[in-house]
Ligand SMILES: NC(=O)c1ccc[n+]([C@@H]2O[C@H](COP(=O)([O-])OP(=O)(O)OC[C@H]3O[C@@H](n4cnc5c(N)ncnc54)[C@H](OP(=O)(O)O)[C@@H]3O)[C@@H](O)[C@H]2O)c1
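Here we start with a single chain on its own, the form predicted alone, put down as structure tokens.
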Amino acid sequence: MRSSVKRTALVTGASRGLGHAIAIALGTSGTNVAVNYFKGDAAAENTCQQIRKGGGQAEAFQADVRDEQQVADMVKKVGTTFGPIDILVINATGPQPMLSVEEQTWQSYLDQLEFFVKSPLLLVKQVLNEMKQRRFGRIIQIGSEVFELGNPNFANYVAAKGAQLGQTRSWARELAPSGITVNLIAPGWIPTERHHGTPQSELDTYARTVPAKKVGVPKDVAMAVLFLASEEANFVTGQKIAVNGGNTLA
């Protein structure tokens, strides 16, 4: 993805998991990377160090991406450090409880919407003006295959991910004339730190349902982000790209 223009990316939730892999892929491709984290400054700094070891530039920025003022302050600090944000990767998430219909409450839905609808809105509003001025922008949401699968005992999360996809498509139509692409990557079950302790039998059962007969790794998602963030992806917008070994083939 190397370009004659030095780009700056903000990756939310980049101290671990998919965000960690995405930040490293962008950083080692020649992009300045703002590594957002909520908790775990040591893990965020580790992400930055790995990017620097690969010859890239990265700095960590703490913020709760559900908080409007914190998002505004973070984007301002990123701008002071690296310049305007060209690539926004919306990845941050929180607890994902499995709840039966009887156990679900409206608050359990709002908790997920805070991450997957409110946070993207707050972030995009902060970077949009300068993207429009430069007539370049890459907004990449990290969604999930669950919207297609309709996982049971997970309606609060599934509903929020569906809303995130609708938001992506609407923004893509609205912002395309300004040279800004908006896409969503929908990973399958890709084990990360949050899945430590999951019985191997569960992973094996899931893998058997996947046409590729395996689970993915974080780098699979990172490579998809790298393409969507590139100059070459300028005519790709409003798309949901499944990174799940064919698990949601129609």
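Residue positions are given as counts along the sequence shown, with the first one as 1. Computed from a predicted structure; not experimentally measured.
Heads up, the form predicted in complex with this ligand isn't pictured, but that's what we're talking about next.
By the 4.5 Å heavy atom rule, the three marked residues Phe38, Asn91 and Ser144 all count as contacting this ligand in the predicted bound form. Picking from 91-99, 176-184, 77-85, 126-134 the stretch near this ligand in the predicted bound form, with a 4.5 Å limit on heavy atoms, gives 91-99. Mapping the unseen interface onto this chain, Lys219 falls outside it, with no heavy atom inside 4.5 Å of this ligand in the predicted bound form.
This ligand in the predicted bound form is not approached by Glu59, whose heavy atoms all lie more than 4.5 angstroms from it.
In the predicted bound form, Lys161 approaches this ligand with a heavy atom inside 4.5 Å. Using a 4.5 angstroms limit between non-hydrogen atoms, Ala25 is distant from this ligand in the predicted bound form. Within 4.5 angstroms of this ligand in the predicted bound form, the stretch 110-135 places a non-hydrogen atom from each of Phe115, Phe116, taken in sequence order.
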